[in-house]
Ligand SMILES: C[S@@+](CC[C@H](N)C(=O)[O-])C[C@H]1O[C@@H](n2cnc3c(N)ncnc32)[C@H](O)[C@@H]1O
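Consider the single chain below, provided in structure tokens and representing the form predicted alone.
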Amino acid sequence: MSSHSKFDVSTLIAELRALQENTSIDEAQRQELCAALQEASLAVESPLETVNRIGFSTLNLGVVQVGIDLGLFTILGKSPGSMTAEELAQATGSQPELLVRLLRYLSSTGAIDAVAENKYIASKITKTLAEPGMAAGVDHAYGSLLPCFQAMPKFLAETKYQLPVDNAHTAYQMANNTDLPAFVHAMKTSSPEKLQRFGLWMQTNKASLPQWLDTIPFEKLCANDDPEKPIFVDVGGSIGHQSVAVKTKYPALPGRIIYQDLPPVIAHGLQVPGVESMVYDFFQEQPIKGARVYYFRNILHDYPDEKCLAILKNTAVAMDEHSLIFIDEMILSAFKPYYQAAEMDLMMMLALAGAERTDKEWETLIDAAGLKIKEIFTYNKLVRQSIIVLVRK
């Protein structure tokens, strides 16, 4: 550490603790502060703390999953006051001697707060984990992602440390003992409840983040007088959240709004007046011709370049001279990317042979598909989540 005096460090610690009582800062400041605090934490931790942080990282995920399974965070979050370990054991149906050990750990990580020996109250994190959408995110991380992370060292060693380019030959297949691509395997083996939880997590994951519709001049780009013309086709649009968002924000805009996905997904699709659902596999010919916008939200990062080219070419042949493609994806920084963007890139690689792409990688892929970039609207600067607007060459 530099020549800062004890007073300087003590003052800094006091100011950081005071911040816990007053978190009224704007989002840009909050993100900058989080990044600075993380950098500072890494800079001052000891070598042993570094190893322990890395080595025990998955323990936190496992214990939180147990807490969700027990309904612990929901119970504590609804409590008007503190609860003892014995009361929580009775409410969750768990053995007190086991639960108290889990509670000690959870209080040490801030997932719950301890107010006295064996007495606990909800923390900010407790309330977060009590929300169904956030709990669904932990469920996805523990049940779907963690096995891929654990399989990664063996998978990469067996493949001689080559980049995965086949979505039927990744760490996902090793972890799940299957030859099927991840999405096909998930559709065949997941219960309807699990698929619904995944859909809920996808919705929740984006809800608190900057929204693309608040950034781009959508009405100008989609100007149209024909009520029968498709103006927005959400390809691989899950249960229709983005289509509903468009209709809600622009209820008087003429034209058809359509979301497309596979049958098991469309079966749970949102039913909203003015929004159509359609069964469609984007590896087949696009049936909607001449739409004003074909929208892809986090679709292409699921696939290697060869598959992405097929998807884009299927769309390009359906476009007319006025059609646009909106690619809603991260543009990965090639130098010092934000950690969440880098995490997503490796997750896509391990599970799907996919990728978050850099500027140059996007340009190469788009050019190979016979398309070109018209403009880019970045709406989440931290991870560079952007709408990349494409036209035909």
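Start at 1 and count along the sequence shown; that's the residue number. Since the structure is predicted, the reported quantities are computational estimates derived from the model, not experimental observations.
What comes next is about the form predicted in complex with the ligand, which does not appear here.
Out of the listed residues 262, 309, 130, 319, 262 is the one that sits within 4.5 Å of the ligand in the model of the complex by at least one heavy atom.
Note on the partner interface in the model of the complex: the residue among 120, 294, 280, 73 having a heavy atom within 4.5 angstroms of the ligand is 280. Only one of 209-217, 148-156, 90-98, 232-240 places residue heavy atoms within 4.5 angstroms of the ligand in the model of the complex, namely 232-240.
The ligand is not shown here, and in the model of the complex it never comes within 4.5 Å of any heavy atom of residue 270. Mapping the unseen interface onto this chain, residue 302 counts among the residues with a heavy atom inside 4.5 Å of the ligand in the model of the complex.
The closest non-hydrogen atom of residue 165 lies beyond 4.5 Å of the ligand in the model of the complex. Mapping the unseen interface onto this chain, residue 298 counts among the residues with a heavy atom inside 4.5 Å of the ligand in the model of the complex.
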